[in-house]
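Below sits a lone chain in structure tokens, taken as the form predicted alone.
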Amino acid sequence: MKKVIIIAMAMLLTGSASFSQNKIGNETEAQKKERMQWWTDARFGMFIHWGLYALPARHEWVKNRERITNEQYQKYFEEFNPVNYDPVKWAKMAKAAGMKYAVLTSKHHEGFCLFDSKYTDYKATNTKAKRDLVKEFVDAFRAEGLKVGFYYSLIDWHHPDFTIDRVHPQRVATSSEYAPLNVGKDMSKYRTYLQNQIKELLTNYGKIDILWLDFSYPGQDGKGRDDWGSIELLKMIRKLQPGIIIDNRMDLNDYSDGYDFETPEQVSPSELTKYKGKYWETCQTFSGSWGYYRDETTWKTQKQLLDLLITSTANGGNLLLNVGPTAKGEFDYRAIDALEKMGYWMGGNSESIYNCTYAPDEFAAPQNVNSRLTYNPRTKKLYLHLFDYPSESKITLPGYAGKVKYVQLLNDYSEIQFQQNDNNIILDLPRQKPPYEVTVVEFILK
């Protein structure tokens, strides 16, 4: 008995017992790597934020921003009629852009469900659409060979038992004012509702590859793991869909397996370097909002979008790029233009993105050149992305001497001649820039 006590004490001192307590399941790191492999290979996916907020077209948080009540918001439910919704077109555009997977908002914070849930009347089948829009999405994207995922809001501003809190449309100024507002509301009932709907999503639509749950805000007048029942919810999700990949917004970040990937949102490319070595995916919009926003004008340029994609890959992460369809069910013309441009670039340069990650430490990007390196560990090929094409045709790469067998432009496999100088190699680039926003040079290593 003494020996058992001594061993237990030793485990506590070394942290072994603590580590085991901070795991919910028993998956090994090798098993996780295998489960995540398709996702880390893909690098590029589509986010789709679509709901009733497409009708006001003033941001997906319009209900919150304008303090709209359920009664005032009801007109959007009554008028929701996406007559041009054709997810086959959506899927083809995603695939043509070079995306490998897509995540659709099955329910956003407004509480409206795009799927046919038996636990609510607040769903697409009860609108003029009269059909399960999620099922059509799943069928269309699977038919194009794309992986499918669901976004599901843990928050619900429509449900009668969801208590009013600091991010609710009917929020108040002081904490003491919440109790009277929430008389008669029962979060345990909402928790059951939430878990039942997630069970529906993971049972009724076949294999689901990704689940984006959003979001937790613990603390005073907020909500976190206890409100969602996150631990039991995670166990249920893993049981229903053992291969699924889950984001980190269930307030389980202190568990090593409480999530699969981190989710830096709307951050600059320079901020992505700190996630290197982790599983992560940055979610980004073409413009300043997730839902369709008719009058919003701060749309990113192609170069900015490519910077996000390339810098994500160069730091071992993914880019989930968002489209907010209109109330008619169509992609905004500006989004279509951006997707087509991404597709053109990926058509010539996708080998520097798919299956790639950050370069080995022995290789560095050239000095005084705005560039990024990606690397395919399977093919042992290195890729130099030139964001600013040099006015002089020569680029010096320190430390590359003796390591490079052959160099070519990736977009057409045309040779790039190079010379060795001490420990460096000097590339002799064509004087005319190739017809791509970002030029990619491929190194076939020895």
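For every residue, the number given is its place in the sequence shown, counted from 1. Keep in mind that this is a model prediction, so the values were computed, not measured.
Omitted from view is the form predicted in complex with alpha-D-glucopyranose, to which the following refers.
- Taking non-hydrogen atoms only, Glu265 approaches alpha-D-glucopyranose to within 4.5 angstroms in the model of the complex.
- Contact check for Val138: no non-hydrogen atom falls within 4.5 Å of alpha-D-glucopyranose in the model of the complex.
- alpha-D-glucopyranose in the model of the complex is approached by His49, whose closest heavy atom lies within 4.5 angstroms of it.
- Contact between His108 and alpha-D-glucopyranose in the model of the complex is found at the 4.5 Å heavy atom cutoff.
- For the three marked residues, Tyr85, Trp90 and Phe115, no heavy atom of any sits within 4.5 Å of alpha-D-glucopyranose in the model of the complex.
- Heavy atoms within 4.5 Å of alpha-D-glucopyranose in the model of the complex are found in exactly one of 357 to 365, 186 to 194, 372 to 380, 210 to 218, that being 210 to 218.
- Site annotation in the model of the complex: the residue of His158, Arg249, Arg225, Arg142 reaching within 4.5 Å of alpha-D-glucopyranose with a heavy atom is Arg249.
- Screening Trp345, Tyr101, Tyr73, Trp290 for any heavy atom within 4.5 Å of alpha-D-glucopyranose in the model of the complex leaves a single hit, Trp290.
- The partner is not shown here, but in the model of the complex the stretch 151 to 181 reaches within 4.5 angstroms of alpha-D-glucopyranose through a heavy atom at Tyr151 alone.
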